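Starting off, we have a lone chain in the form predicted on its own, written out as structure tokens.
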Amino acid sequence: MTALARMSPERFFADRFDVTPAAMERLLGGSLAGRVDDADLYLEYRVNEELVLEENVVKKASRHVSQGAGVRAQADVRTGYAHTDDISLPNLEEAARQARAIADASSRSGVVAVAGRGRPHDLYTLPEPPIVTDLARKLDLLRKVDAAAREADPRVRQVIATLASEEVVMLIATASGWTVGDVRPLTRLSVTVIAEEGTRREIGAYGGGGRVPFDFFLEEQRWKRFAGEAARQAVLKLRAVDAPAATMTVVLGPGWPGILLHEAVGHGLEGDFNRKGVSAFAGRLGQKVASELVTVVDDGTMPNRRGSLNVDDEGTPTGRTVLIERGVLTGYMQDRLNARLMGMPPTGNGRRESYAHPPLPRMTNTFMLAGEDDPADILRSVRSGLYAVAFGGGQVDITSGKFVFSASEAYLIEDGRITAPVKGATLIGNGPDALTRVTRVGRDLALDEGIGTCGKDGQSVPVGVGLPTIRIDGMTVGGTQV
């Protein structure tokens, strides 16, 4: 049982941060008084734990505790942000003065470090947060994962199993007079497998998690499926052929391939890029930007999902925002600053990596809604093409929408059948253009297992992605086939 479950929320947050309502009123009302449009105080206490088992030996066992505060002042388009790891009142007042000075006087936003209402959702209340689960149970799980991956195939030579957990306690107070707190659990089990055959060596990886208890990995032996999938991917690549390079029909599988949607399209729908006019979607609200088969949603209210939040990092309740509906651009993801400047409501997408970072408009769980097609029929409709079911790294230019993504698991499609696995396939295109080329959408929408981490402006936050099986015509595929 968490500390929050044993006492009132007001008492819990007051005890955790030792900052009284009177002190917060003095800080926001006094130190930030002046020529600012908005101001807030963000307090954070964080515990991170990571356990790594490599070659059945514990190679890493770490636990890190941190706390701090960030004070933000906004004046017109400028943001002043100061943060400190010392949450005593004098230091918080100094941080507030620094933030106001930046917002008042600077021609641009800046961040400096200073030395030395009830929650509207209840998406992840757990009987026991994963951070407090007995260490012996966690190590036992990692050893089971190691054994299962090795048993999956004799060609498996090396296994790395990682269990990472955290709990974040946050409290936000605003100059307008309201406060909100949240306690956020998060955990992820990751498995990396190296397989060898002759002189060939390949890597497979799999995992999952979310805002879930430790026992999530034990349900239906989920851990065993993760281990088996990592081993399967590594062994599969041992017989993969070089990918062809051509313009062809590409079918994306359900679930994790939604990362392409996240990167190639999602970032372009965040409020700051559109307010500044640098997104390929800027100024296009109400216009057709995709095939009428495409509806894209960002939803931070899905229980226990990795990207979900009771409130965002500005205290705004998360929501379900329809971004593209039947091909028409209908909305952007907004934090408070960009919503105010664009004359739109905030959508609960203000997110930050920690107290040392100002919030930015960011995605939560972003996915395309299901269509009506049978996934098998979609594959049968392709005479020659590529079937991509997992992706690794990629690059996106927000302004142009151009992207390059590497497929970590892909297959040739020949006469409507999935045939040889391929290696070295990259998808090259333009996000908005690719959406107009979607010609079939399956009824098999799936969300990823809970592994996504999104980077933006040097900040990383946990996210979720999802996709049904979709067919995209005329996509450029880069390959290694000579």
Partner chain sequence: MSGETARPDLLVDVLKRALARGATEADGFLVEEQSFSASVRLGQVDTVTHSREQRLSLRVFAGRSSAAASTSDLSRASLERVVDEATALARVTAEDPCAGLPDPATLAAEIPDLELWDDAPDLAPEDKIALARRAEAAALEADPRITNSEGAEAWDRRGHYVYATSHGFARGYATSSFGLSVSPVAAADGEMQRDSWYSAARRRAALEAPESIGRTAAARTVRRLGGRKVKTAEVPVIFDPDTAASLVRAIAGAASGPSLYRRASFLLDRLGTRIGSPLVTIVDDGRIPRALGSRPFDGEGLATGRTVLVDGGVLASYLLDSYSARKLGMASTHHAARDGSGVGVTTTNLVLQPGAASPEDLIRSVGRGLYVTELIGFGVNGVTGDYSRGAAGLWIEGGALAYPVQEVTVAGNLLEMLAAVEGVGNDLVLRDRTAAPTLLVGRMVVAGD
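These figures come from a predicted structure and were not determined experimentally. Numbering follows the first chain given and starts at 1.
Quick note: we don't show the form predicted together with its partner chain, though the next part is all about it.
This chain is displayed without its partner chain, yet in the predicted bound form the stretch 243-251 from 243-251, 164-172, 312-320, 293-301 comes within 4.5 Å of it by heavy atoms. Among S381, T125, S88, S406, the residue placing a heavy atom within 4.5 Å of its partner chain in the predicted bound form is S406. For the candidate set D374, E325, D153, D397, a heavy atom within 4.5 Å of its partner chain in the predicted bound form is found for exactly one residue, namely D397. Using a 4.5 angstroms threshold between heavy atoms, H121 stays clear of its partner chain in the predicted bound form. In the predicted bound form, none of the heavy atoms of W256 sits within 4.5 Å of a heavy atom of its partner chain. Its partner chain in the predicted bound form comes within 4.5 Å of no heavy atom belonging to E414. Using a 4.5 angstroms limit between non-hydrogen atoms, G210 is distant from its partner chain in the predicted bound form.
Contacts to its partner chain in the predicted bound form (heavy atom within 4.5 Å) from stretch 244-282: A245, A246, T247, F273, R275, K276, G277, V278, S279, A280.
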